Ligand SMILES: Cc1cc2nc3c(=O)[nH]c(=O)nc-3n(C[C@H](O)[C@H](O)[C@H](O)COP(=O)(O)OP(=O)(O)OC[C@H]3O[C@@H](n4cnc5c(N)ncnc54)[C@H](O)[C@@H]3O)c2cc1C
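As structure tokens, one chain now follows by itself in the form predicted on its own.
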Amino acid sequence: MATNPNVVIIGGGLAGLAGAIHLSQKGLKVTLIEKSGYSRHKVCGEYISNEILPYLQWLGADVLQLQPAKINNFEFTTRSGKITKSELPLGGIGVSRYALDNFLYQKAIANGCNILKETVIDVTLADNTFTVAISNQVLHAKIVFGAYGKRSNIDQVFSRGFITKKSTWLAVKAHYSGSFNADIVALYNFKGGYCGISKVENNVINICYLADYASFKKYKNIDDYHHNVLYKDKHLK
């Protein structure tokens, strides 16, 4: 089966969903292809600057409906444990990707976007028209919006240089309950990485950190790494 939307968007993360909503509001017929379903958790700091709120509201996606944490202060620690604090000139909000992605997904559906849970097999261009193949159909469009992020299947097909280089960083994220000021986004440094902490909706604490892979693999599991590395920072502990 062949279909012919005005625009095909490959990837249904924040960029893909925002693009789908924006283009559909301009009257274009949009098909978005995303291999995963909604809702889902993503490794992400889950802090959004207030400067983006007018655009989201213009899209008709007022994220304040999700009752995010309102954040106006920043906290920073060094590896030695020294701490500094500052007000954020613009401020921001804390909202989970689990809630935000689903919120935008529902808005895109309401706007008439066709969203397919599929994996793109191939993309070709001939005579100024893209052909996008998925498992059970072929789509033809003048415009294809690639919102699939880095290190995707298409990067492998194009043999892009970075795809052969292993990342030196490992990202870990989890949600916690506990005591943390909802008005603060914090960045704590530890040996081999750094950790962001802030609250999201429902009084949940999001903790997301980047660790140097070479130091991380010295330990058997995440708990061991926490006890032997992150806990050296008294604030993280």
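Start at 1 with the first residue shown and count on from there. Since we're looking at a predicted model, the values are computed, not measured.
There is another form of this protein, the form predicted together with this ligand, and it is not shown here; the text below is about that form.
Exactly one of the stretches 68-76, 83-91, 160-168, 114-122 approaches this ligand in the model of the complex with heavy atoms within 4.5 Å, and it is 114-122. Contact annotation: Lys26 falls outside 4.5 Å of this ligand in the model of the complex, judged by heavy atom distances. For the chain shown alone, His175 is not a contact residue for this ligand in the model of the complex, no non-hydrogen atom being within 4.5 angstroms. This ligand in the model of the complex is approached by Tyr47, whose closest heavy atom lies within 4.5 angstroms of it. Although the partner is absent from this view, Val43 contacts this ligand in the model of the complex, with a non-hydrogen atom inside 4.5 angstroms. When this ligand is considered in the model of the complex, only one residue from Ile109, Ala99, Ala141, Ile154 comes within 4.5 Å through any heavy atom, namely Ile154. Proximity to this ligand in the model of the complex, defined as a heavy atom within 4.5 Å, singles out one entry of Ile205, Cys208, Ile184, Val63, which is Cys208. In the model of the complex, Gly13, Leu14, Ala15, Gly16 are the residues of 13-29 with at least one heavy atom within 4.5 Å of this ligand, listed from first to last.
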